[in-house]
Ligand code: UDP
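Here you get one chain, nothing else, as structure tokens; it is the form predicted alone.
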Amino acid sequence: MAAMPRRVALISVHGDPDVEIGKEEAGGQNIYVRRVGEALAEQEGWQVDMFTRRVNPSQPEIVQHTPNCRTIRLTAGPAKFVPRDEIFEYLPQFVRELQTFQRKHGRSHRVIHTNYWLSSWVGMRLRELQPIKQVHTYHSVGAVKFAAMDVIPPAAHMRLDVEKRCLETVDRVVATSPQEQQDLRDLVSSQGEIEIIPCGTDIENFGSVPRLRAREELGIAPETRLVLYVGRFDPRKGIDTLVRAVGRSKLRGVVDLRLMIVGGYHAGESDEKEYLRIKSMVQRMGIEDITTFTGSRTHEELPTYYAAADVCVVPSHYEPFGLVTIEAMASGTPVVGSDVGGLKFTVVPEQTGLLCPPRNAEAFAQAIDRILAHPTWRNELGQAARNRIVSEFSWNGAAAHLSDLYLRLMSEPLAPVEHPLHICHSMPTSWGSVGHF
């Protein structure tokens, strides 16, 4: 008799695995779910369904990525972009639509892997309705994130409650770094089971472009010192810290110093506001002549930009893991990053790059100058960075660890759901204010 297929549902309510990276609120989580899904589908016996929310009526319901991996879009609320902080009220509909899809297609899932706190609620509700095991990845921890924010969103109390319940009740939480595991223990709950499985990156794609060829393609002279930023225009990414750091560089006027900012924005949306703020800051700092805004670049183009850079800067105020960091390191480019979250795990100070206090432009300026002023050391850092990523951070490696975790959970008996969710299905539109951060 043929073996039953191993089916897993990756649930990412607001992070469409098939979306163009760089669109508003599309970043590391979207990449993680897509790459994990595809890599899992290459593991023997796994069939992967990735459920997300439809944000445009013209989007296809199903996108088949590989024979055993697909994205499935469900209608929950209006078929348009809704900021993630405003999606909570549509989660009960998402649960109903997911179950409808399962019944219609005769599809059941022994394991669900939820991503971000919104999806964790969906998963916990499904555990009440179906005999399933739930794994969860936070992608960001509310208590840490809110501590780094000047304005706390109205949904903060609800998020903190859901994240605590998730850690205490789901079958396993996957932390992507020891720092995230510690944050969960210190700030969320001492209960619940946590397993560390780092994110991965495409080690064949990143690192495939020789440095001189990359510079030739981008029109950058061999002697130029190139500082690179890759990511969204979001205040929490700390791009303003990088701009001030480059403005303070002691190498300006001494070497041909250049700053390249890779990332797109969308007219009328919040990322355009941040782009305009950063562009204005570049002008005020007097570095407009050495700064290039490239706009959005595809996954296929990014290896060239990473390879061309002398240093990649990740100045985030908070970064639970930081995929840009390991993409740059896989490309042989050292990283100067904030001493926060997952960056403390991926970057080894003095070996693969340097870490600085977040928001400290002077510290970033000194770290960037230090690497740029010593090209031989820069190359040594870059090679060590590449070696670290190849040995420890690949999507196939992450998928193998997740496959092992799923199989272990599937072999265990199902535990009863002792405390059903008591969050009403008619969600209020406001959750009050937060005053204790």
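Sequential numbering from 1, following the sequence displayed. Predicted model only: the values in this text are computed from it and were never measured.
The discussion below concerns the form predicted together with ligand UDP, not included here.
Answer yes if any heavy atom of residue 27 is within 4.5 Å of a heavy atom of ligand UDP in the model of the complex; otherwise answer no.
The answer is yes: residue 27 has a heavy atom within 4.5 Å of ligand UDP.
Can you check whether residue 132 is within 4.5 Å of ligand UDP in the model of the complex, heavy atom basis?
Residue-level check for residue 132: no, no contact with ligand UDP.
Does any part of residue 324 reach within 4.5 Å of ligand UDP in the model of the complex? Heavy atoms only, please.
Result yes; residue 324 sits at the interface with ligand UDP in the model of the complex.
Residue 188: heavy atom within 4.5 Å of ligand UDP in the model of the complex?
Answer no; every heavy atom of residue 188 is more than 4.5 Å from ligand UDP in the model of the complex.
Which one of these stretches, 363-371, 316-324, 269-277, 157-165, sits within 4.5 Å of ligand UDP in the model of the complex when only heavy atoms are counted?
Heavy atoms within 4.5 Å of ligand UDP in the model of the complex occur in 316-324.
Is ligand UDP in the model of the complex close enough to 53, 99 and 126 that every residue in that trio has a heavy atom within 4.5 angstroms of it?
Per the other structure, none of 53, 99 and 126 touch ligand UDP.
Of the residues 334, 263, 142, 342, which one places a heavy atom within 4.5 Å of ligand UDP in the model of the complex?
Of the candidates 334, 263, 142, 342, 263 is the one lying within 4.5 Å of ligand UDP in the model of the complex.
If you check 152, 302, 209, 170 against ligand UDP in the model of the complex, which one has a heavy atom within 4.5 Å?
Residue within 4.5 Å of the partner: 302.
For the stretch 220-255, I need every residue with any heavy atom inside 4.5 Å of ligand UDP in the model of the complex, listed N to C.
Contacting residues: 230, 231, 232, 236, 237.
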